Every structure is written in structure tokens, then in C-alpha cells.
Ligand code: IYR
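The form predicted alone is given below as one chain in C-alpha cells.
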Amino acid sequence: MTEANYVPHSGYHEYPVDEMKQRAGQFYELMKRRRSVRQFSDRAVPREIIETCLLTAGTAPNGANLQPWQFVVIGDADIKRQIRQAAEEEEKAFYGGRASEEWLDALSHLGTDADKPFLETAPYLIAIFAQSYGVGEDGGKIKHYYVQESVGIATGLLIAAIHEAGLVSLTHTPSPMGFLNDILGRPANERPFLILVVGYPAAEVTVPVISKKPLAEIATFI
């Protein structure tokens, strides 16, 4: 067993309470403007921006610091086309009978359907994979812990970083997503978590009218 090695936490910086309130409020206002969009521009995005956002995602807390994620960034037009075709095939089955009427009714106010042109239009798709286990240098399996939770937290940080950078995103989860392993050549220990569509919004982008639950409905103080 490896012994723990500690160093001083020099990265923490405390702010006066008034500044803390201000910073918390400013971040809330920033994230309140974030919306999932389905109409993307094909305008190019510098790769460096995506790389920095991914580094932010990689700072996420995770089980035993094993970092059980893999982000595959797709900018190639042919591969995006393949992903769109495979995703739409699954989505047609979903909307055509696989989904229950209750599920379809819950989605109806969002106006979604089986057509996913954004998978080709957006400059980048980020296929996020959860590693159910790691692979050591000797080829042996390395057990991962809290994989879903870890990858979910990293994805949340990635979405926040993309919004902070001035881009928009969409979480897309066709089901099943095994085609991503085939198209992208990913190994058996990686399971598709979701596709994050990233870029600039289209000039005439629209979003559905929605509301978020108030604090009293999402939090309990005891």
C-alpha cells in the first residue's frame, strides 16, 4: 500500500465575506444565462479553447483520484457525419416506439425530434466516456470507484467552462450509444457517457421557454 504524501494547500485563497457574496452572485448570474441550444453555427472554434476547458474538467474531484474519464474531441467532418447517422438511427427508434408516451410527453415542451443536424454543423463534438476500470502497464485491470459520479462532476465543470469561455453546448444522449465505441475505436473498458456538442450559436438561435425550480424546492437547510 502506498503511503499518503501531503503538501501545504497553497491554492486556497480566502475572500472577505462581502466579496464572497459578490463572487457567488456573479457566478450564478453567469450560469443562469447558460442554455442548451440545438442550432449551431459552423464557425470555427480555436482548439486551444477546447483544450483549456478540458483541463478544467480534469480538475474534478473523483473516486480515489483515478480520473475515470476520457474525452474524445471530434472535429473531422466525416466522423461527425457517421455519428449523426448512427445517432439518428437510434433516435428514430426512440421516437418511433421505444420511448413510452409518458417519456415523449415529458419531452414535448422542448420540441425535440429524431433529426440531429447539430451533430454535423457544430465545429466540435466531445464524446465523453466513463472508464469502468483502468488498464495497467502490464495489461491488468485497475478497479475504478464512483465512476458515474466522477464523470458527471467532470462533465458539469466542462459545461461551465465552455459557457464561461463564451461558447454554447448541448448534452446529447442517444440510447444506446455503443456505436461511439465502434466509430471512435474506443476500448471495452470505456462506456459512452454522453456527447457534448460545442460551438457558437447560430445567428437566429432560439431556445424553448422553460423555468428553473426556486431554491425552496431544490434545497433543504436543517
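A residue's number is simply how far along the shown sequence it sits, counting from 1. Since we're looking at a predicted model, the values are computed, not measured.
There is also a form predicted in complex with this ligand; it is not shown, and the following applies to it.
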item	value
Stretch in contact in the predicted complex with this ligand, which is absent here, among 67-75, 91-99, 122-130, 138-146 (heavy atoms within 4.5 Å)	91-99
Listed residue (26, 173, 59, 52) with a non-hydrogen atom within 4.5 angstroms of this ligand in the predicted complex	173
This ligand contact at residue 85 in the predicted complex, heavy atom, 4.5 Å	no
Contact of residue 110 with this ligand in the predicted complex (heavy atom, 4.5 Å)	yes
Within 4.5 Å of this ligand in the predicted complex: residues from 36-58 (heavy atom criterion)	38
